[in-house]
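Quick heads-up: it's one chain on its own, the form predicted alone, in structure tokens.
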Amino acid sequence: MSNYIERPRYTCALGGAIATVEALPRTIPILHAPPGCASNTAWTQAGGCGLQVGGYCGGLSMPGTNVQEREVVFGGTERLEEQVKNSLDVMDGDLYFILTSCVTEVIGDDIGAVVSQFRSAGVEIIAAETGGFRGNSYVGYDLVLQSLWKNFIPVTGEKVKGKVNLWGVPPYYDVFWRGNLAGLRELLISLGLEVNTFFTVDDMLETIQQAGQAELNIVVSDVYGLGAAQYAHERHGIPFIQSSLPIGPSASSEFLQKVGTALQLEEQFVQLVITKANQRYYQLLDPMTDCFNDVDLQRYAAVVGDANYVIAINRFLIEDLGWLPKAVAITDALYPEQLDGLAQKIVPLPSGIQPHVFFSTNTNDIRKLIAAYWHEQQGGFGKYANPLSPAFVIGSALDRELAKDIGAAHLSVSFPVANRAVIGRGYTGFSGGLYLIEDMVSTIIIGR
């Protein structure tokens, strides 16, 4: 077994935590870490998040303790206190969030004492233990959410009818997080709900602090953010439901039905919302259908990426677009029981044939495995060969070489995305499915 990850598609827990705190409204991350942590994660974001990096107090302008040998030997608590004071003087924020690193956790600095000291002085400050050894960037995302529920969101017995919280889309490491959260909010608002999504430009710290009033938490992921949902259930008494990321009409209709059932909404009303959304979707898609069929834009597909995207896109291609995914590769580092659960969620083709599922964290291994499988499936020989062609690879920027190997077009969707600029585009919901069709078809015909 390999003891390293070659060209990984995530960072350590600290990197995910930094990105998550950066996305919170008017929140200032304060790193208690050596100098390399901030720069490494900042350049990773710059190179993999569709040019999204920085912003106010993000990227290389992030305040940090710059831990050196002295702090490692004698402890870094005093240095952290100094940095918090300096950050309060020069950084304009409403919440300050201390994040720890491997080094500062190993030396055992008492972060809780520092937080208590400033909170007693009236400073809105919290912390999370996010040492990189705790897991990957998606673990860091979950740890920040758990800290918010533990230290920032008060417990209340008052629940507001129709108020829900939504997460499961990690900022930046889902490169299309802004658009995806907006698309999901649009779905839930269509049911008449008040939606708190935590990380969009439409969210505020005030609404996040009122998250304990929700009657339901909704996690749109099979693996990300479930720890926070469980904690919120145990401490705040808020039940949660879990759904795969809904892309396109089939998954979005199912998502709306699931939410409606959980909230005991009138079934006839929910069905009317779904019917109208489907009618709009197919009215918009209808003018393209003649070209789609005449130009023969159906494709064999390989889908590569994180758990959220692989499950969602595989289903969308099969149930809504009529493409034929033959191989899917999930790149997350997960426990065996999680991998088994994800494999069961891979939707089979209408023929009943299951796309071949690969699990690997190493980019080169994925390239070799899928390319070998693709060529094995050709069958026959010479002019009687039946290649899987034309083909399409939906993955990350790291999968461009795989696309060349099998003669396929390629679209970067999952992290890292180094060859697209992303601002507010997203693929969730009914509209998101149309955007994904636009992007894939445009990739095919761009050279014509």
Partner chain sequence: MIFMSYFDQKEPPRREARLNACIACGGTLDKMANRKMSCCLPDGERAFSQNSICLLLPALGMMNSIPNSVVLMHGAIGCGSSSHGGNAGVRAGNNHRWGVVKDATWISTALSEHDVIGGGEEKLAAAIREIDERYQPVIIFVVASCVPGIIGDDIDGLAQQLQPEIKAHILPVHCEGFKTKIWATAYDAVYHAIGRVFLKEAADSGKQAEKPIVNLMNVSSMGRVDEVELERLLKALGFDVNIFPVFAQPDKMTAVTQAQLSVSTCPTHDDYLLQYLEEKYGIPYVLRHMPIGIENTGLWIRDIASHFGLQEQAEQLIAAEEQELKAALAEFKPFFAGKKAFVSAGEFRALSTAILLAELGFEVVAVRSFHHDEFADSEYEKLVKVTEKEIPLNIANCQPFEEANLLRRIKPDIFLGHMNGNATAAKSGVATHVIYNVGLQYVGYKGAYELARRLYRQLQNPQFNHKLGRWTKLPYSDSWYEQDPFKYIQQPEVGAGE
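Quantities reported herein were computed from a predicted structural model and do not represent experimental measurements. Positions refer to the first chain, counted from 1.
Just so it is clear, the following notes concern the form predicted in complex with the partner chain, a form of the same protein that is not shown.
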{"query": "The single option of I346, A371, V72, A262 touching the partner chain in the model of the complex, heavy atom within 4.5 Å", "finding": "V72"}
{"query": "V441: touches the partner chain in the model of the complex, heavy atom cutoff 4.5 angstroms", "finding": "no"}
{"query": "Contact flag, D89 vs the partner chain in the model of the complex, heavy atom cut 4.5 Å", "finding": "yes"}
{"query": "Interface membership of D203, the partner chain in the model of the complex, 4.5 Å heavy atom rule", "finding": "no"}
{"query": "Non-hydrogen atom contact N136 with the partner chain in the model of the complex at 4.5 angstroms", "finding": "yes"}
{"query": "Stretch in contact, per heavy atom within 4.5 angstroms of the partner chain in the model of the complex, of 143-151, 295-303, 128-136, 206-214", "finding": "128-136"}
{"query": "Triple contact flag A42, G55 and L398 to the partner chain in the model of the complex, non-hydrogen atom at 4.5 angstroms", "finding": "yes"}
{"query": "Interface residues of 356-376 toward the partner chain, as seen in the model of the complex [heavy atoms, 4.5 Å]", "finding": "N364, D365, K368"}
